[in-house]
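Next up is one chain by itself, shown in C-alpha cells, the form predicted on its own.
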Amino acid sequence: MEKSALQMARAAYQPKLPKALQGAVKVKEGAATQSVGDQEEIKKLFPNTYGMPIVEFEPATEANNTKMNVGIILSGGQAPGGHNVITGLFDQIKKLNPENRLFGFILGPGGLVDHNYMELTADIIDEYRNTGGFDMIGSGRTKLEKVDQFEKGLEIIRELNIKAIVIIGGDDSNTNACVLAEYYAAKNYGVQVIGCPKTIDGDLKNDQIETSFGFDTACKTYSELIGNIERDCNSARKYWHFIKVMGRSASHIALECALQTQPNICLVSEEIEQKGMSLDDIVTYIANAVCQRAADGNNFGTVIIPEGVIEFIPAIKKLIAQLNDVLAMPEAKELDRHESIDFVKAHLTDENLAVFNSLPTGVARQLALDRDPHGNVQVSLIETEKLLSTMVAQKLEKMKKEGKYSGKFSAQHHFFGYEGRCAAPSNFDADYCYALGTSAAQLIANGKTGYMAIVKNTTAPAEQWIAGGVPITMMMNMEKRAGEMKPVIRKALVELDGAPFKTFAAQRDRWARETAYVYPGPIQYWGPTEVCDQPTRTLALEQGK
C-alpha cells in the first residue's frame, strides 16, 4: 500500500493507554444491572445476558495467558479509529499468548455468515496503525438476527477454533451483538461476543459510554471545513452557505461544530421537535436572521443543518411514523414505485395526507420510497440544505414586497458526510480506540460475553482513563422498528438541559447578528497537548471541564 509522509509518521505513533491496561489486569465487578427501560421484556428476551455487573479493570500481578483465537467484524458506516480498535485487540491477545490468532471477517457481519475471512497478521496490522477508514477488512450492513445466520456463523467459528467474536458498530450493530451473545449462551456453545461503541453521530452514549469513537475526529474534520467556508464567506461577503452535516437521529455533530466554529445559525433537531416547530417556522427563523444581518450591511452568513432535521419536525415525524406502518404492510411490498405512492396516499390519515401533499414532490417521494436496509428514511439523500435555502429565498421575496427586507440573498450548498467518516483519527480517537480494543481482549480473557468495551474519565489524560465493560442489555429498551416492537439500544439525543446545548443557546443570538466566526484549522498530531490531545467541546462541557 502506497503511503504519504504523514501516514508513515502516524504509523510510528504509539497510542497512550490507561494505567490499568498497561500490564497484567484483574477484574473488579460492580453491582448487578438492569435495562434502561422495559425491564421485564428485556429480561425475558435475554435471560442469559441480563443483570450482569459492570466491570472495571485494575492492575494485577499475574497475567492471564489464556489461549484464544478471536474473530472481528466491522459493522455499519465507517468511523475514524476503527483500525486502532483492531490493532489494540491484536496487540493485547498476542501479549497474553503469542499463539493467539485474530481473524477478520470481510465486509461486515455478512462475512461471518458467508465464511469470508482472513487472518490478520502483524504484517497486515502494522500497515493500518492510526489510519482512518475500515479498509483493512471492510464493513457491511447485514443484520445478524436469524437463527440460521447464527448457526452458519458457528460453523466457521468452530473451524477456526474461535473463542470470541468482537463486533465494532453502532446501536443497531451492538443490539445484534447482544442477540448473538444471548443465542450462543443459551445453547451453551461457549462462544463469547463483545461489542465496541462506534458512530460518528455521537448518539451511542449513556452513563457508561462517554462518547462513541469517531465523533471526535469527524467533528474536528467538519469544523475545519466549516471554518474554511466561514473564512471565505467573510472574505467574499456575498453568499449564505447552507451546510448540512451528518447526524440522522441526533444533532450532536451539528452542535459540536457550532461550538467549535460559531456560525450565524445552527439548527438543533431535538429543539425543533420540543418546540413543535413547522417547516415554515424554521424558514422564518432563518429568514429573519438574514434580514437582520442585511440591515447591518452583511449579506452573507453560515447555517449548519443536521441531516435528520426533517424527521424531527413534528408534523413530518407523524407522517413518517404512519409511512413506516403503511410500508410495512405485506401488500405494500409487492408494488412498484408508481403504485407505492398511490397506495401510500390511500392509507394516510387526512392530516398526514395534507402534510405529504404540501411537501415538494421530490422530498415526498424520498420519504415514501427511498429506505435503507433497516427500513429508515434515507434522510442523507434529502437535500434539506437546498430545500431550506429555496424556501428562505421565497420568504425573503415576500418580505421584500412588504417592504421588510432590502438586502441581497444568494446561497451556496454543502453536505459534509463522507469527508469526516474516514479521516485519520485524532490523537484522542487513536488512543481511545486502542484502549477499547485492549479492553475487548481483556473482557474475552476474563470470560465475559454480551458486554461492550468501555473507557471512561476521557477528559483526563489517557493514563487516568478507566477501562472496563458494560452489559449491553443495560442500555436497551423496546422500540417500534418496521412495524413491530424490538429490543434496541436507546439512542442518546441532544439534551436541551445539558451543558453543551445551554452553552450554545446562550450565545447564538449574538452569533446570528455578529460575525463571530472561529477558524479551528486542521487536526494537529504533534505539538502542545492543549492543541493535540483535547476532547470535543461536547465531552468537556458534559463533564464540567
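What you see is a predicted model, and the numbers here were worked out from it, not measured in a lab. Numbering starts at 1 and follows the sequence shown. Note that the rigid core is defined as the largest set of C-alphas that superpose within 1.5 Å between two forms.
Note that the form predicted together with another copy of the chain isn't included here; everything after this is about it.
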Q: Using heavy atoms only and a 4.5 Å cut-off, decide whether all three of Gln262, Pro522 and Trp526 touch another copy of the chain in the predicted complex.
A: yes
Q: Would you mind picking out the stretch of 323-331, 418-426, 451-459, 188-196 that comes within 4.5 angstroms of another copy of the chain in the predicted complex, counting non-hydrogen atoms?
A: 418-426
**Q.** another copy of the chain: the contacting residue among Trp240, Phe312, Tyr117, Phe134 in the predicted complex [heavy atom, 4.5 Å]
**A.** Phe134
Q.
Please identify the residue among Asn228, Ser358, Gln292, Thr390 with any heavy atom within 4.5 Å of another copy of the chain in the predicted complex.
A. Asn228
**Q.** Exercise: Ala236 in contact with another copy of the chain in the predicted complex, heavy atom 4.5 Å
**A.** yes
**Q.** Met399: touches another copy of the chain in the predicted complex, heavy atom cutoff 4.5 angstroms
**A.** no
Q. Taking 4.5 angstroms as the cut-off for heavy atoms, does Lys545 touch another copy of the chain in the predicted complex?
A. no
Q: Evaluate Asp232 for contact with another copy of the chain in the predicted complex, applying a 4.5 angstroms cut-off between non-hydrogen atoms, and reply yes or no.
A: yes
(Q) Can you list, in sequence order, the residues from 1-38 that come within 4.5 Å of another copy of the chain in the predicted complex, counting heavy atoms only? (A) Glu2, Lys3, Ser4, Ala5, Leu6, Gln7, Ala9
Q.
After superposing the rigid core, is the C-alpha displacement of His338 2 Å or more between the shown form and the other one?
A. yes
